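Let's start with one chain on its own, the form predicted alone, as structure tokens.
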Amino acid sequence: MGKNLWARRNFLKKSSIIALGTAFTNHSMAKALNSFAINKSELGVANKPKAPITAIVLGAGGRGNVYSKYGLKFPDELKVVGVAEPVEFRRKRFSEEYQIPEKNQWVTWEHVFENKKLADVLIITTPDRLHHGCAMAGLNGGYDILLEKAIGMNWEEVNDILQLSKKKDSIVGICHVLRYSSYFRQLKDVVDSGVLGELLSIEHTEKLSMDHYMHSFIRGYYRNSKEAAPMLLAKSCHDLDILRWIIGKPCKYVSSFGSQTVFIKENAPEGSTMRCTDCPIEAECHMSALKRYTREKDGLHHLVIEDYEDATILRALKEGPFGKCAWRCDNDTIDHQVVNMEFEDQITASFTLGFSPVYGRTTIVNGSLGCIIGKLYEGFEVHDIRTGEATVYNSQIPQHLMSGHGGGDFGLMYDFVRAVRSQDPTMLSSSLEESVESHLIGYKAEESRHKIKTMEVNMASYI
């Protein structure tokens, strides 16, 4: 780990993470779980770069704007100097916000590489199917890269990027933002402290809200394998990555089961039509697009529209994918899946994915001396088998890194800026080499799901 020490313990010191509740009576556990000191004078200034790094953003949608806003909050650390975005109003808005000159505004990502190198880094937040082309061109162009997950549409694309990054000796950060959240940073630190004894197993779940599932995976951009990586990778490579990171040992075997059973044509309500905009039973349908987008005004950022006037929204629903009947879309995404893994030293892990009215991520870590029970955004409890007592942790987001994913969005940018400025990839928790194994687990899980067999995971053969 070496220079990446800040990425764990120092972050905790700067994250206002506090322990609440009953303290352990066992001395070693109490000592290990003692609250971390907070030096508020260091917040936001540790390892501050001497000059901002410059970035070109490929894809000015949701994630591109999230990472770029770090430069608005910390202009002495990051400056966005170019953008490639095919949707004109997005490109213009983005360029105005970041004061990008017209010569550095491009319609597609390919146009960026018609010029000499113009910045330190590329921030790649295009659709999944474009990640491989953007990353390969960027590496060949001499750029360091921040790459949105999933890394590629398949393992071959992921491995291509890995091998070229090694050849070019480039820094490639992967947007596994949960590694940078206060919750998972501290959970990882507690596991590493040894207070749980021998690590035995982890049970992890991700339950999507119905709105998120419907926006993204039924009607949206991740709805089928032609447009995006499999749902396990597009949505939950975060979670596979967290499991590999916490365990800290290679995965050996994986098996998976899951299917698409709910939102299929055979289950469409009687009397329903292809679109909600002309459906006679729309008013009584709980999946009505009109209800969500016109009456509740929910999730409008998913629609690629210039304004949120009623007429504009209705036109998008009549013409685009977000107005289609939930049971009549061209989606092939699973709606529930379980992944079972065996890691080195017979440590086991399970991950369950699906949608639910009670949504969020939950984690149970089991050790020979205790366990952790937690939920992202709420905190976790550490239980001692020997005493029966527990310590409750409430992971607070540091103010200077206040952002989405429990502070992970800006936490990632904090590390990435410093890694690039120092040309030290060990300052990244989620470098490319740290992150690709979780993708291999995911693709092997998909292979297992289709073949109904246990698959061997052998990352060593690729590095």
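The shown structure was predicted, so the numbers you read here are calculated from the model rather than taken from an experiment. In case it trips you up, residue 1 is the first one in the sequence shown, and so on.
Omitted from view is the form predicted together with a small molecule, to which the following refers.
May I ask you to state whether Ile161 is within 4.5 Å of the small molecule in the predicted bound form, using heavy atom distances? Flag for Ile161 set to no.
Residue-level question: is Gln186 within 4.5 Å of the small molecule in the predicted bound form, judged on heavy atoms? So Gln186 does not count as contacting the small molecule.
4.5 Å heavy atom contact, Ala390 and the small molecule in the predicted bound form: Answer no; every heavy atom of Ala390 is more than 4.5 Å from the small molecule in the predicted bound form.
Look up in the predicted bound form whether Arg63 has a non-hydrogen atom within 4.5 angstroms of the small molecule, and give yes or no. Yes - in the predicted bound form, heavy atoms of Arg63 and the small molecule come within 4.5 Å of each other.
Counting only non-hydrogen atoms, choose the one of 107 to 115, 288 to 296, 71 to 79, 242 to 250 that falls within 4.5 Å of the small molecule in the predicted bound form. That would be 107 to 115.
Just one of Glu157, Asp384, Asp120, Glu85 has a heavy atom within 4.5 Å of the small molecule in the predicted bound form. Which one? Contact with the small molecule in the predicted bound form is made by Glu85 alone.
Heavy atom within 4.5 Å of the small molecule in the predicted bound form: which of Cys276, Ala135, Cys175, Met231? Exactly one listed residue reaches within 4.5 Å, namely Cys175.
Output flag, Arg219, Ser236 and Phe355 jointly within 4.5 Å of the small molecule in the predicted bound form, heavy atom basis: The answer is no: none of the three residues contacts the partner (heavy atom, 4.5 Å cut-off).
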